[in-house]
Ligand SMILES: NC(=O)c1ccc[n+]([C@@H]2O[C@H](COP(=O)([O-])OP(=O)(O)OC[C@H]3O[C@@H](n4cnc5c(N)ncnc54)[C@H](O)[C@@H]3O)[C@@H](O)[C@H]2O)c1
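Next up is one chain by itself, shown in structure tokens, the form predicted on its own.
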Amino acid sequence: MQSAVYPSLAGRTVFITGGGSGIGASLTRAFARQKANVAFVDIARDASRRLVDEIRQDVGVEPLFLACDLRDVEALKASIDTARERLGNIAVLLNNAANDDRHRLEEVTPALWDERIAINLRPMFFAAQAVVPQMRELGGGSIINFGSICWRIGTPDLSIYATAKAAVHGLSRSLARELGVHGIRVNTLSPGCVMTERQLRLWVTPRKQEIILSNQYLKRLIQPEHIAQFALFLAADDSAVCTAQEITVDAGWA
């Protein structure tokens, strides 16, 4: 896929959660190709290290990988501090990490509920809280919180995940209001049904692909790279007056 070059991203420090696989890996690759200083956290150490090696060979730069379990807020804050020390003040935060494991209503316990919120929503707030002082020093920044179309289309067996993703846009709009005075933009990027390796391995069968395409206005499967291209735009100065928005990338959905 040919993509635009955003000169404003070159040399900027970008922090990505869940940047080692799936959509996150596409984000890491895309920002590295823009010559940004990329740091990412992920719980999957082996996949993340392979990604770093791949990007080093392909692009000639080496993203900073920091192993981190986002359920540990203090570890997340420590990773953000390390990224700042190594790469400079963070100008772009991509709150991408999530877990969409299926769960039936009757199987949900308070412990499961708390754990899924601790992955899918809580880190977004505390990552934003940690980077805001850095962005204020820079005179502005861009926070991109990843939502989903699942809560609007009623995807089954995802009640906790859908609840968290519905909350993301509220978080983005609230932060956008509060942080706008500092030149910090906050937007939600909501993917549709993206053909990541995980989705294809666990849930998206050939029959499911047919159903997805029948619902989409555009009859082509969404790839992680399609999401990354919108993230680049929202991070760059080209979207300088875009904030408090939900950008949906779902190929249209009936």
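Numbers follow the displayed sequence, beginning with 1. In this text the structure is predicted, and so the values were computed from the model without any measurement.
FYI, the form predicted in complex with the ligand isn't displayed, but the following is about it.
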query	finding
Contact assignment for the ligand in the model of the complex, among I90, A98, I143, A164, heavy atom within 4.5 Å	A98
Contact stretch among 30-38, 184-192, 55-63, 213-221 - heavy atom within 4.5 Å of the ligand in the model of the complex	184-192
4.5 angstroms heavy atom contact with the ligand in the model of the complex for I23	yes
Interface membership of Q229, the ligand in the model of the complex, 4.5 Å heavy atom rule	no
Contact flag, R122 vs the ligand in the model of the complex, heavy atom cut 4.5 Å	no
In the model of the complex, E225 touching the ligand (heavy atom, 4.5 Å)	no
Residues in 68-91 with any heavy atom within 4.5 Å of the ligand in the model of the complex	C68, D69, L70, R71
